[in-house]
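To begin, one chain is listed below as structure tokens, in the form predicted on its own.
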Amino acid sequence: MKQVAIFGSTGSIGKSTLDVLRLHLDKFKVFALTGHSNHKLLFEQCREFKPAHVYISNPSLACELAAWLRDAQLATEVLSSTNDLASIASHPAVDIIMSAIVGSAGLIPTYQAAKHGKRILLANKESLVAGGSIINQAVKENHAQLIPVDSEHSAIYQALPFGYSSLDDIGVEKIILTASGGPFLNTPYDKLQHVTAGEAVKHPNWSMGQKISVDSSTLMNKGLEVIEAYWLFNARIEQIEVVVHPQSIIHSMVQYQDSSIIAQLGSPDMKTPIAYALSAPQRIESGSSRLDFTKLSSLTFTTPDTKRFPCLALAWEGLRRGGGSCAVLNAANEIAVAKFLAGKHGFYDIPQMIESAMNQFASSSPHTIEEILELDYEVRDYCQA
């Protein structure tokens, strides 16, 4: 019986994780749940899964949640200190953590889980974007497992031999990440200047939170995935390619030196990569619908347009610059997206803010988690001004 801590249990990934766990209560036990402010949903999740601990970041809501749990005669302990996230991730009883907190807030629990040798199901791509080198070192030194949950990286992970040493040793020529193109795939440049946040969050294929939906609309989500793939698979920049595949059926591919391409296909449902990450290299039921090839009309592929979607080009630039550039890009993007969602600026103000921050902090070179967090704070302060 593996004990699982879910960081971000009230979000779409967290809820999908619980959907999968519900099918395998003989294999997994929920040890802890964490959420930001949705205490009503956390309470319902606690009633069903009865974790030892539940974390909520709002102290006043924590008091209300604790009262509800007492009334329901549940022994779940309510936590609300920021240090509690690290404590849960490093707890000796925890075998697996689902890192699904949105943004750089997931960096600390992911790092602590790596330091304590856990199996990390990584949905929080910002952890590797901001602190890839440090996270990877902690994983290696402490024999942790880092298994991607993003559908694209999971596809790559599944298309590679389990436990391989390096991409070159197994003859990998390149990794091909697929992108749906988001809701504005065919929207002309002049019209993109006037799109609204409400339009941006309407993803054609996937059900996601607002921030990641906006990232998909700008192709920054794919840019972050490029950076994540660089660290996950110890790839060279030139080994990573992006193609637009609107149907979201092929989740990504690996091209080998003999010209063979191995692709992972499936319905656009996050429960599939979650189930694989929980059980790899074995496979368990996910609850996802089966793919019916007879109902597929076509699979199409195009090159991404970095003029209409400059955020993708900025991610490549961040990798090339190195140092703290990717951490800067990530922090600036979070603030820019928040302003766009709040109606404070337009679609193309997002890449402009990111580029401005990358230039402002071009000399940054953090070497510790603490330095990354300090840089993150400085970039956010700069972008909020």
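All residue numbers are counted from 1 along the displayed sequence. Just so you know, these numbers come straight off a predicted model, no measurement behind them.
Quick note: we don't show the form predicted together with nicotinamide-adenine-dinucleotide (NAD), though the next part is all about it.
- Contact check for 110, 146 and 229: none of the three has a heavy atom within 4.5 Å of nicotinamide-adenine-dinucleotide (NAD) in the predicted complex.
- The partner is absent here; in the predicted complex, the one residue of 102, 277, 253, 172 having a heavy atom within 4.5 Å of nicotinamide-adenine-dinucleotide (NAD) is 102.
- Residue 123 is the only one of 129, 123, 214, 120 with a heavy atom lying within 4.5 Å of nicotinamide-adenine-dinucleotide (NAD) in the predicted complex.
- Listed stretches are 349-357, 314-322, 35-43, 63-71; the contact stretch with nicotinamide-adenine-dinucleotide (NAD) in the predicted complex is 35-43, by a heavy atom cutoff of 4.5 Å.
- Proximity of residue 287 to nicotinamide-adenine-dinucleotide (NAD) in the predicted complex falls outside the 4.5 Å heavy atom cutoff.
- Among heavy atoms of residue 270, some come within 4.5 Å of nicotinamide-adenine-dinucleotide (NAD) in the predicted complex.
- Contact check for residue 209: a heavy atom falls within 4.5 Å of nicotinamide-adenine-dinucleotide (NAD) in the predicted complex.
- Proximity of residue 11 to nicotinamide-adenine-dinucleotide (NAD) in the predicted complex: non-hydrogen atoms within 4.5 Å are present.
- Contacts with nicotinamide-adenine-dinucleotide (NAD) in the predicted complex, taken as any heavy atom within 4.5 Å, map to no residue of 226-264.
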